[in-house]
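Single chain ahead, written as structure tokens, the form predicted alone.
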Amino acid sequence: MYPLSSQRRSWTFANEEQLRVFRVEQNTKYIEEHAAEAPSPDNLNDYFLTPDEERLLLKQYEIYLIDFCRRFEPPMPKCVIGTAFHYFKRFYLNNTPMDYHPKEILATCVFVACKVEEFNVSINQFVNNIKGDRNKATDIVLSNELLLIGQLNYYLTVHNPFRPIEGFIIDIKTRSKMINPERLRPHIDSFMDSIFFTDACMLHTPSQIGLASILHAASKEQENLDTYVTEALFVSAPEKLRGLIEAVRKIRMLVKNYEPPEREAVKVIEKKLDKCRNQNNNPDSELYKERLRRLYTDEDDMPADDASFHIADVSSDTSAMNISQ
């Protein structure tokens, strides 16, 4: 149950400001640790990403995430998509894109979500959905899997709003006068797609998000469910009604206020990221390749400096792993 879950205890926060503080802290920490890499100590913001630039970048990669999931074969259940978004957002509360490129973490979030939600696809099936060097994609996903799980504090169970939504629809059919509640589904699906791009899943309960989607869909169909909410849902607990109404209002405002990033602005940020990212975590860097060699090879069996050594072609270009097209 959600009230007793790790999601409620560890991954649900009081307000957007609390999330902003976490993100700024990670950004500041990275810049302090890597300040010596900047060409000039007086213009760190010209070299490193700012918190606002990180948010724009991650917004763009959230769009890539849902596009990747929609194109996925075999078709991916909604719960997998929701869980992948949870993982992606949680990971970047504790980390900065300058440390771990979102393209690589995105694919790993989806892969782990497939496992947790029991959507059984092999790693080979999974990377077949990624354009480019699939051997390289396999290495990146598998090498980041334990990192991701650790950064999630091993709390992998996610309570998505989809079950509450189904419960509300069944209840509306039973206890309201609405004719054919099934016609709400297209509007619900559209609202839920928009919810993924906001921080609602880290601020509100699944049932609040589910009810917000139902009420949004009803308004689109020019239906009024106020009586259902006040006289059916909360007739035995009217003291909770005010808090619920406020939560639903905030959720709908999050969706309304969402603005997709400008693609040209994101391109500039990505070029900036290429220069300031942590080379220890860059699959194209010599530091990363050396780390892989040591990870996969016993110390006594380390190859000579001039020896050819590839872990699924670690020397190939990371850009070959393409989930954004």
Partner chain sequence: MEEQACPRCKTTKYRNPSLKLMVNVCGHTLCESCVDMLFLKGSGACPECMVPLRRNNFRVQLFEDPMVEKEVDIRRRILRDYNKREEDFATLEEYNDYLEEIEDIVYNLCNNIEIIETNKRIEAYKRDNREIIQRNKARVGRDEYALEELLELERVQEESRKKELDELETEHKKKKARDKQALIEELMYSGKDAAQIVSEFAEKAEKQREEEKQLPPPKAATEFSTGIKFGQSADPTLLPVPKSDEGPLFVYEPFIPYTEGPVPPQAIDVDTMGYIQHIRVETPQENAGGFTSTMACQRALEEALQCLYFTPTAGLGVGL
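Numbering follows the first chain given and starts at 1. Note that this is a predicted model, so its numbers are computed, not measured.
One more form of this protein should be noted, the form predicted together with its partner chain, which is absent from this view; the next part is about it.
Residues I63, A107 and V268 are none of them found to lie within 4.5 Å of its partner chain in the predicted complex, as judged by heavy atom distances. With a 4.5 Å cutoff on heavy atoms, Q208 counts as touching its partner chain in the predicted complex. By the criterion of a heavy atom within 4.5 Å, D171 is counted among the residues contacting its partner chain in the predicted complex. Contact annotation: M253 falls outside 4.5 Å of its partner chain in the predicted complex, judged by heavy atom distances. At a distance threshold of 4.5 angstroms between non-hydrogen atoms, R9 is in contact with its partner chain in the predicted complex. The stretch among 197-205, 120-128, 80-88, 96-104 whose residues place heavy atoms within 4.5 Å of its partner chain in the predicted complex is 197-205. With the partner removed from view, the residue among V116, L142, L233, M178 that has a non-hydrogen atom within 4.5 Å of its partner chain in the predicted complex turns out to be L233. Residues of 257-285 placing a heavy atom within 4.5 Å of its partner chain in the predicted complex: none.
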